[in-house]
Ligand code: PLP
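Presented below, as structure tokens, is a lone chain in the form predicted on its own.
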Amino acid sequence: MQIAMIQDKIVPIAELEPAYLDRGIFFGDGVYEVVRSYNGKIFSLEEHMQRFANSLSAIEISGVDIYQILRRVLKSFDASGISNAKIYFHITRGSALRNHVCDADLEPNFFLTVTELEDDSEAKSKGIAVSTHPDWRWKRCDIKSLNLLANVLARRNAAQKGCAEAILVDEAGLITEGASSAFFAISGQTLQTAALTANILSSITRKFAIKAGKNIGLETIEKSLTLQQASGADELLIASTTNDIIPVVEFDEKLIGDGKPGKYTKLLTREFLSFTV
């Protein structure tokens, strides 16, 4: 008899809930998205759904009706009654006994949560400290996959140092992005961030941050930063779906500027929020 053990309980595999055999658990074989709402309105949902569809295609999960997923997102958000919400959802290739190769007709699994966003007002008003960490991620970070162990380890390391985010550095000594954010530097009137390649996530918030920068008169340069360039910048900031724009006032224990959020970061934040109304 094939069996499984859950904690101390032995059960026949035939009686297991499919969730225990999810390929997302065994292999990280799935993709996810996170969207947020501002005052009862989901921001940039169309762009997020397109990126989700692109991720599904990239790892060859087929048979998913993206419009059905959209309806599920909207239905769940409405049911939650949460005005400022974080909506997380993922699809895995399905459930089966552990084997690297699975049946082509496996039915994908869908999962979603709607939760309240944490209060980030203090981080936005005072700024955060970040620390660097080697970029140990796989080579297709443009796919928003469930393979996030390297990100988790980097964030754990940052937290142990009292930092709010880990900034990832590749083998060439160049900054790619944050463990869960896009990373920007401002020098003079130039906004710089790494160009989109296979090792950079096509962040929706990044796109709007760049648009906000142009609207306030900043020139954008999409080129990777060195550690020296980052630590010597006038201002640093990170951008993510759940936090939009957060000032960075300390980089690897070095104060940025006067150690307070800079004027352009404040302008960027204000301009970004105008897109969400």
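Keep in mind that what you see is a predicted model, and the values were worked out from it rather than measured. Residue indices: 1-based, along the sequence shown.
This next part talks about the form predicted together with the named molecule, which is not shown.
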In the model of the complex, is there a heavy atom of the named molecule that lies within 4.5 Å of any heavy atom of residue 225, even though the partner is absent here? no
Going by a heavy atom distance of 4.5 Å, is residue 32 a contact of the named molecule in the model of the complex? yes
Under a 4.5 Å heavy atom criterion, is residue 147 part of the interface with the named molecule in the model of the complex? no
Touches the named molecule in the model of the complex: residue 193 (any heavy atom, 4.5 Å): no
Based on heavy atom distances of 4.5 Å or less, which listed stretch (113 to 121, 70 to 78, 177 to 185, 95 to 103) is in contact with the named molecule in the model of the complex? 177 to 185
Let me know the one among 201, 163, 85, 91 whose heavy atoms come within 4.5 Å of the named molecule in the model of the complex, would you? 201
Residues 48, 51 and 137 are flagged as a possible site; in the model of the complex, is every one of them within 4.5 Å of the named molecule by some non-hydrogen atom? yes
Of the residues spanning 204 to 218, the ones with some heavy atom within 4.5 Å of the named molecule in the model of the complex are 204, 205, 206
